[in-house]
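Quick heads-up: it's one chain on its own, the form predicted alone, in structure tokens.
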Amino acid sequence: MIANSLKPDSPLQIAVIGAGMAGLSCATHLQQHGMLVTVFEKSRGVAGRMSTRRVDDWQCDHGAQYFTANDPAFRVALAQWQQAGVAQLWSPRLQVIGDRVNNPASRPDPSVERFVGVPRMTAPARLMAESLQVETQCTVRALQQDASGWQLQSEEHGWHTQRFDVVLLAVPAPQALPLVRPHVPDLAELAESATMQASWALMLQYAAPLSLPFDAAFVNQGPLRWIARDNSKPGRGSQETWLLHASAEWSQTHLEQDAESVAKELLAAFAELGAPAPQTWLAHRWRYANTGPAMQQACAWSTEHALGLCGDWLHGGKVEGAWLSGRKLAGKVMQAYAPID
């Protein structure tokens, strides 16, 4: 066991791999409690699937579309984001389209509060990252542990010289699996048990507002499952933009299909709802978008190996689940290294 092995005057050195909501939440909580945290992210920026594509004079959220807030601790974080001006309430005209037999979607509940990042979905994550040490464009491919701690190997830099006392993985299960498999079979078994589902996203730009009678809709017919007028969200510009999300089943079936043919089918489905062809479109394939069925472990932690997992895939999905998963893993780490009385 390595817990409590560090001297009180030696702050814990922690590597968090993944700068999505779970990783940032975990890193923030640990840093607030005096631990030295470095976050490694393979992309050019933070936020993970709370993503926004920016193209010339228009933008579109193409990952998480909104988030809810029920947990008291998450409500506190949300209040801080609102005070900082990076999150606001979104109250779209919301509909459910199609029958509910094969893939039911809940009828819109008027009591549900939906929040978005402002001026784009990435804003809360970017705010969190400002106080953290984040190394972007760093794709961690392997880990090794010896008496001096954990060492990381990245695609861009090879083996890093810095050693870490703890490594926490805040990445989708299929990306975590090869990293934990050589070290902790139990964590590998958990990651392997997760069924990750894909999602195709199509971003559309129009010259003029569409006359559709809704700003967002759950769709229970054809390839679509969600559509939204992105510029109906607070803080956006006047440029008319829409987001189409395909269903998990359709996306998985068409996972390796080219973007042109994906766009053709999704635009045809949108046209059936009364939408004209867009001026411009962009497609994005989320290979690991959801977990089905949802898992409820919250997080996973091995005190013996100082290795842990967090992410929305472990905690029911969604933004709130990711934030709570990261926070819970941070709590496990602090409990393991609590000073002995």
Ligand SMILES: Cc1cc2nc3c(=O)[nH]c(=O)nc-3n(C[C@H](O)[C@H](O)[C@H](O)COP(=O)(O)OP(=O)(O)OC[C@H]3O[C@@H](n4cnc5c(N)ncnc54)[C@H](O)[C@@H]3O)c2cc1C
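Don't overthink the numbering: it's just position in the shown sequence, from 1. Everything quoted here is computed from the prediction, not taken from an experiment.
Form predicted in complex with the ligand: not shown, discussed below.
Trainee: Counting only heavy atoms and a 4.5 Å cutoff, which of 262 to 270, 202 to 210, 186 to 194, 166 to 174 contacts the ligand in the model of the complex?
Mentor: Comparing against the ligand in the model of the complex, the contact stretch is 166 to 174.
Trainee: Asn70 near the ligand in the model of the complex, any heavy atom under 4.5 Å?
Mentor: No, Asn70 sits far enough from the ligand in the model of the complex that none of its heavy atoms falls within 4.5 Å.
Trainee: Heavy atoms within 4.5 Å of the ligand in the model of the complex: does Gly317 have any?
Mentor: Gly317 belongs to the contact set for the ligand.
Trainee: Give a yes/no on whether Trp281 approaches the ligand to within 4.5 Å in the model of the complex, heavy atoms considered.
Mentor: Residue-level check for Trp281: no, no contact with the ligand.
Trainee: Is there a heavy atom of Lys42 lying 4.5 Å or less from a heavy atom of the ligand in the model of the complex?
Mentor: Looking in the model of the complex, residue contacts with the ligand include Lys42, since a heavy atom lies within 4.5 Å.
Trainee: Could you check which residue among Leu324, Ile17, Ala330, Ile14 gets a heavy atom within 4.5 Å of the ligand in the model of the complex?
Mentor: Selected residue: Ile17.
Trainee: Here the chain is shown alone; which of Cys299, Ala64, Leu30, Ala306 has a heavy atom within 4.5 Å of the ligand in the model of the complex?
Mentor: Looking at Cys299, Ala64, Leu30, Ala306 one by one, just Ala64 meets the 4.5 Å heavy-atom criterion.
Trainee: Suppose contact means any heavy atom within 4.5 Å; which members of 223 to 253 contact the ligand in the model of the complex?
Mentor: The one in contact is His245.
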